[in-house]
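One chain comes next, on its own, written as C-alpha cells: the form predicted on its own.
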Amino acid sequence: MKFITQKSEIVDALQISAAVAERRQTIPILANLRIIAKNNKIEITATDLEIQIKIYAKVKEIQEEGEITVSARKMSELCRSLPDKEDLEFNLNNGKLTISSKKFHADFATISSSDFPELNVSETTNSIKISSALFQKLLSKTAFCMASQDVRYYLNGLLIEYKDSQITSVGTDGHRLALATKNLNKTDIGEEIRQILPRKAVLELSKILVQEEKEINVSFGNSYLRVQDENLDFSTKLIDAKFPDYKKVLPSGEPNKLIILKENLQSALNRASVLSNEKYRGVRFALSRNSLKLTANNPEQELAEETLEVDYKGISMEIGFNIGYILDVLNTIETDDVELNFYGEEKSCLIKEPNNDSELYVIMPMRL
C-alpha cells in the first residue's frame, strides 16, 4: 500500500474515526483504524463492536493499493500536528506504515486487517431519506436529556420513532424529557418504527453530521440503524428494550403560561447558581402576576434573590427546579423569548419556543 495525500484531505476522517475506536484496548485491533487504499480514494474504518464508521476520502495519488490497521489515537494525533499544505506519503513496507513529508518521517506498528471485525448490517427492513441538517438537529435538540449510567439501560440512549411521515426523537433520564418532531413530506414507509440508539452513537452522529441540506439515507434494521451518504457509512447496534411511553409524561390540562426574554432568564439563573446548593442545585420559582422571583440558597446560609418582569397572568404559585436542567433547555432554544407552562406546584413544567409545538421540554419539580 502506498499513497500520497495532503493533510487537509485526511485529517478530519482520522479524527472522526479515532473517536469511535475502542480506547480500552481489551481487544488490541479495536484500538486501530483500518485503512484501505483503492480506486483513487481511501476508506477509513473504526469500530468498538457496538458502532462502526467508514469514511471515504479522495487522495492525491494511489501508487499501490492495499490495506492495513494502525493505532487510531497515534495516527490521528500525529497527522493533526503535521504542517498544512504539505504532501504526506503513506507507505506500507515490511509490516511498518511509514508517513513522511519534507522534513518528517515516522514508522507505525501495524496489525493485519484480516482480523478486523465488521458489523453485520445487511438485514435492512426500511429506509428513509432526510437532510443531514434536519437529522442532526433532531439528535442535538434531545441528546442532552439522555441518562449516562442509569441502571435502566434503555434511558442511556435516544428513542427514534418514525410514523405517518414524521420522525421524532425523545431523550429522558427520568427527571426531564426532550422531544423533537419533524415532518418528512417526501416519504411514508407505512409502518411505525421505534428504535433506541445508544448514547455513544447519538453523540458521535451529532458531531459527524454536517449542518447542510444534503440528503442522507437512514436505514432501519431489526437490530441496527445505518446512516449513509457519499462519504460516510455509520452503523450502530440498538438497545434491545422497550422505551417508556413518553406521551404519558407530557403534562395535560390548562397551563399557566409565562413568557420571558431567554437571555434575562439565563443571566438570572447563572447568578442564582453561584449560591445554590452544589449537590442539588435547586432554585425556587415564585410566580405572581407579571412577576417571577428566583431564590437560591445553600447549607452555608447564603442566599441569592432576583425578581424579573415577565408576561404572566396565571395563578400565584411556588415551585422548585434543578437550575442545570432549566439552563440546558435554554441553551437549546433558539428564539429570543421562551415560554414556560406551569400546571401546579407539584406538577412538571413544559418549556418550549413560543408558537412551536414540535420541540418540547418537560422538567419535573423538586422539593426545596
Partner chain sequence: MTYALVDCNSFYASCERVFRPDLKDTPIVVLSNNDGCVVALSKEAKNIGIKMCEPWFKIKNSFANKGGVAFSSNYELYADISARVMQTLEHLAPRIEIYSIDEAFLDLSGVDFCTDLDQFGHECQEKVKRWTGMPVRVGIGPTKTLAKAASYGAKKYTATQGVVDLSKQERQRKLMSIMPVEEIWGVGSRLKAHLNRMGITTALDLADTDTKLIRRRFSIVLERTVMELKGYPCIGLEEHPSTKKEIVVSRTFGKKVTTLESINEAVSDYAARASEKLRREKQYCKVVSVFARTNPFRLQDQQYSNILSCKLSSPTNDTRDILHATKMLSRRVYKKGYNFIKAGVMLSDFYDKDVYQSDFFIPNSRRPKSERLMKTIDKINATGESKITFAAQGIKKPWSMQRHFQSPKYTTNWNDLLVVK
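For clarity, every value in this text was computed on a predicted model and none was experimentally measured. Residue numbers count along the first chain shown, from 1.
One more form of this protein, predicted together with its partner chain, exists but is not displayed; see below.
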At 4.5 Å between heavy atoms, is Lys262 in contact with its partner chain in the predicted bound form? no
Against its partner chain in the predicted bound form, would Lys74 count as a contact residue? Criterion: heavy atoms within 4.5 Å. no
Taking its partner chain as it sits in the predicted bound form, is Thr172 in contact with it (heavy atom to heavy atom, 4.5 Å or less)? yes
Test of understanding: in the predicted bound form, would Phe104 fall inside 4.5 Å of its partner chain by heavy atoms? no
Looking in the predicted bound form, is its partner chain within 4.5 Å of a heavy atom from each of Arg152, Leu155 and Met364? yes
Listed residue that, although its partner chain is not shown, lies within 4.5 Å of it in the predicted bound form (heavy atoms), from Leu159, Leu177, Ala296, Leu287: Leu177
In the predicted bound form, the residue from Gly221, Pro244, Pro255, Pro198 with a non-hydrogen atom within 4.5 Å of its partner chain is Pro244
Only one of these stretches, 94-102, 273-281, 230-238, 127-135, has heavy atoms within 4.5 Å of its partner chain in the predicted bound form; which one is it? 273-281
Hey, which residues along 312-334 are within 4.5 angstroms of its partner chain in the predicted bound form, non-hydrogen atoms only? Asn322, Tyr325
